[in-house]
Ligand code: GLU
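Before any questions on how it binds or moves, here is one chain, the form predicted alone, in C-alpha cells.
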Amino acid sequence: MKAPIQGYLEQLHEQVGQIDEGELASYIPELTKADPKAFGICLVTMDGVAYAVGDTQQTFTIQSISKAFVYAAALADRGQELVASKVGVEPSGDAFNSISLDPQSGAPFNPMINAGAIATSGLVAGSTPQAQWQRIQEALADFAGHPLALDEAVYRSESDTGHRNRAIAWMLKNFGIIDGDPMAVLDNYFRQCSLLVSCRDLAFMAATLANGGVHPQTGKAALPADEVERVLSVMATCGMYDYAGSWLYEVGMPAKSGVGGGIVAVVPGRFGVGIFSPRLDAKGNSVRGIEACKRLSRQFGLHAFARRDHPSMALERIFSAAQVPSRRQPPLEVRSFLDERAGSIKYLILHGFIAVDGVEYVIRKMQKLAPTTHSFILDMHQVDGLSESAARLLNQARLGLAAEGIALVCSRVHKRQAILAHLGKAARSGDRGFLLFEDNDLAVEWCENRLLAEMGDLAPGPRGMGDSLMFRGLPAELLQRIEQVSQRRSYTSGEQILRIGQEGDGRVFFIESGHVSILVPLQNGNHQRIASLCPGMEFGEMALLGQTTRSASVFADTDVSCRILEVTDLERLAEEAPKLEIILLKNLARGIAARLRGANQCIQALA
C-alpha cells in the first residue's frame, strides 16, 4: 500500500510543478547551467523515513543554505558568547549580499547574509584555513549523513566573480571580526557554498535540526541540543533573505534558502523538509519552493505557532483481540475458530491532538502490521482533536487497506462533532466513509463477524439445550428429562427479556436461535454491553446459585427462540438425580472462572 503522505506529496509536486515563474541565478555564471524544470520535494520524519517525489537525487550546489549549518558548527566550536560578539542575530531587511555591519562594532547583523556568513566561516574550529575547511566539510557531512563533494566549476565561478564579497571580507578584517588572512576565510566560504547536495540531503539536514541535532538515520549528534534552538531562531527570522518576515508569518517554519534553488525547512520534533527548484524570485528564493512550503504548512498544520505533540504521542498502545476479544460467548467450535485468528484484529489506541505527523506515524505502524492483520480498530476516546488534513490521510490509508482486504474502523468517537465532521469530509464521493462504533466491543464483534464469514458451514445455526456448556457431561436420559420440563418461548428483535433489578425471577434461559445482548445501565442514560450471546448459550444461570435479583438487562438483538427452565424444576430433578447438581455446579464454576480469566486479560491489555 502506498503511504498516503507519499500520495499527497505526488499531488503537491504535480500542482506546484505547473508554476513556471522565476529566473535562474545569473550573478554566478555557472548557475545558469541548471535545468529550470528540475523540481524535487523530500520530507523526512523523526525516525528517518523519507518521502520523496521528483528530482530528489539530482545534485546542485548548496549555496547560502550552508550558512545555517556552518553557523551551527561555529556555535558548537566556539560557544554562543564568542560567536555573538562577532556576528549578531538581528534581521537586516537588506539583500543577502548587502554590506550590513553594525556601525559601532562592525559586526554583521546576522549569519544568514553574506557578511555574517563569511565571518562565521572564520569562527569554526581549526588553527589554519585548511583545518577550518576540513571542519566545515565534516560538519555539513554530519548533518547530511554522508560526505559532500565539491563542485569545482561552481567554486571557480564563485571565486572569479566574488568581488563584492572580497570587499566585505576586508571590511570585516578592518573591524577585527576576522582574524588572520580574510582572503583565506573567504575562500572557505566560496568552497562551502559550492558543496553538492541533493534535495534528499537537504531534507535530512533539516530533519537533523528538527531531531535536536541528531541525524535520524545515523544517530550521530551533528550539533549539541542546546545550540539547536539558536540556529532555528536565526533561520526563522533571517533565513529567507528580506522575505524572512513574510515567510515566518505565512509559513511559520525555520528555513534557509539558497540561490542554487534549494530550501530547507524545519518543523521541530516533527519533520525536515528539503525542496529543490532553481527558478528564483526577485529576492533569491525558489518560486516553487516557497509555494510548496506554503501549501505544506497550511494543509498539514506545520506552522511553528500551531499546537502540536510529538508524533509518537498519537499512538498510546497496540494490542489485539487475542487479549481483548468481544463479549460474545459463542459455541466452543466458534470460540476456537476466533481464538486462532484473534491476533489478526488489532486495536490501536490513539491519543491527544492528531495532526499530519501523528497520523503518518499511526499509518506506518498499520503498514508494518498489515501482513498479519485482518482488521484494525482505531480507539479514539482519548483523541482531543483531528486535523482535516490528518483525516484525509487516514481516509487514504483506509481505502488502501481495504484494497488489500483489511478493514479499518473507528470506535468511541461519538459526540465529538469536529472529529466526526473531518472524518466525514475525508470520504470520497460515492464512498460510504468510515465505519464508526459506539464502543470497542461492538467494533471487535463486527471484525469477528468478518472472520466468521470465512467459516462457511461451521457458522453457528440453531442449537438445542444439549449444546449448552452448562449441561456438558450430562447423561442423555437426564438431558431428556430437563428438556421435557422446559418451555419454549419466542421474542422479537428489540424486545426486553429481563430487566435489571427484577426480583423473584427464578428462570434460566437457553438460546436455540437468534442473538441477545446483556446490558448494564450507565450514569449518562446509555447502556454498556457486557456480553453478546448466540445459539447454544444460556443466561440467567446465576439464579441456580440463589441470586434472586437480576444484575443486568437482556435484550433480543434479533428474533430469538429460547428454552426456559424454572429453577424449582431443576432442584426437583436434582433431588431425584444428585449427579445433576454436581455437574451443573462444576460447569457453572468453570464458566465463571473463564470469564474471570478473560476480565483479567482485558485489564492487563488496557493497563
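So that there is no doubt, residue numbering starts at 1 and follows the sequence shown. Remember, predicted model here, so these are calculated numbers, not experimental data.
Keep in mind that the form predicted in complex with the ligand is missing from the display, and what follows is about it.
Each of 63, 165 and 189 comes within 4.5 Å of the ligand in the model of the complex, counting any heavy atom. Taking the partner from elsewhere, residue 234 is found to have every heavy atom lying beyond 4.5 Å of the ligand in the model of the complex. Although the partner is absent from this view, residue 259 contacts the ligand in the model of the complex, with a non-hydrogen atom inside 4.5 angstroms.
The ligand in the model of the complex comes within 4.5 Å of no heavy atom belonging to residue 142. In the model of the complex, the ligand sits within 4.5 Å of a heavy atom belonging to residue 158. Only one of 267-275, 388-396, 356-364, 251-259 lies within 4.5 Å of the ligand in the model of the complex by heavy atoms, and it is 251-259.
For the candidate set 468, 329, 297, 114, a heavy atom within 4.5 Å of the ligand in the model of the complex is found for exactly one residue, namely 114.
When the ligand is considered in the model of the complex, only one residue from 119, 193, 207, 199 comes within 4.5 Å through any heavy atom, namely 193.
Contact annotation for 17-46: residues with any non-hydrogen atom within 4.5 angstroms of the ligand in the model of the complex are 27, 28, listed in sequence order.
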